[in-house]
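Alright, two takes on the same chain below, each alone as structure tokens: structure 1 and structure 2.
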Structure 1
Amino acid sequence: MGAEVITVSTDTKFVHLAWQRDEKELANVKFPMGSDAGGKLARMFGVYDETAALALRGTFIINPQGKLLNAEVNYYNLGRNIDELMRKFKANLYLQKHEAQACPSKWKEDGDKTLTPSAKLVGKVYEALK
């Protein structure tokens, strides 16, 4: 879909290699896994836990112009949902072409019902989606 996917963690490149080699959930992962062992990038994104010297699980969608479109931060023991991440990514692609629209929480793909934000819509989203 035209995205560049990069994972970065405070783990070393050797830990990443072990994860890719041994974790079956990552068997088909083909994108780069970067190491931020000093936490510089994690601090820049506001996900570095100074006490633990680790990064929280941050997921960021950034457009080609460098604008942050979505940010999600989870604690260490909460996994991320690729289906929800893909929903957000697809919604952002859709909204690039339809800037006056809004994708509600259950929107999944082009063709699903969108909303046109207005004062009349406030408190009436449920009805508008019926």
Structure 2
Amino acid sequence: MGAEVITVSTDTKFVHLAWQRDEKELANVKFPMGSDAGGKLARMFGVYDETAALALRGTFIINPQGKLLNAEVNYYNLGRNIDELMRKFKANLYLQKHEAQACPSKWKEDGDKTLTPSAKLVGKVYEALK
């Protein structure tokens, strides 16, 4: 899909290796595991917890032009929904090709209804989505 998922924690690359090799749940992991020891990148994205010296559960989608299009941050005790991440990513891909449109909250994939903001649409979103 022309996307690279990079997982990032403040662990070193050596610990990443040990964890991936040790934990059977991670046996099929293909994505690069980034080391942000010191938390520089986590600070840049505002997800660095100075007290614990750990990164919060932040997810960021950056387009090929380097623009940040989505930011989601969860506290330690709430996992992320991968289906929702994929929905957002697919919507971004779609919107990159269809700049005049907008994907509403229930949009799931190409072919689902979108909205094209215009004077005619004002006050008529219900009808447009029906």
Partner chain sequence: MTEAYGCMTCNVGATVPNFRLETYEPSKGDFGEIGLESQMASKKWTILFFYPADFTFV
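Residues are numbered by position in structure 1's sequence, first residue being 1. Because the structure is a prediction, the values reported are computed rather than measured. We call the rigid core the largest set of C-alpha positions that still match within 1.5 Å between the two forms.
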With both forms of the chain shown on their own, indicate which is the form predicted together with the partner chain. 2
Rigid core superposed: S105 CA moves 2 Å or more between the two structures: no
Taking the rigid core as the frame, does M86 move its C-alpha by 2 Å or more between the two structures? no
Compare the position of the CA of L115 between the two structures after a rigid core fit and state whether the shift reaches 2 Å. no
Enter the rigid core superposed C-alpha shift of V125 between the two structures, rounded to one decimal in Å. 3.0
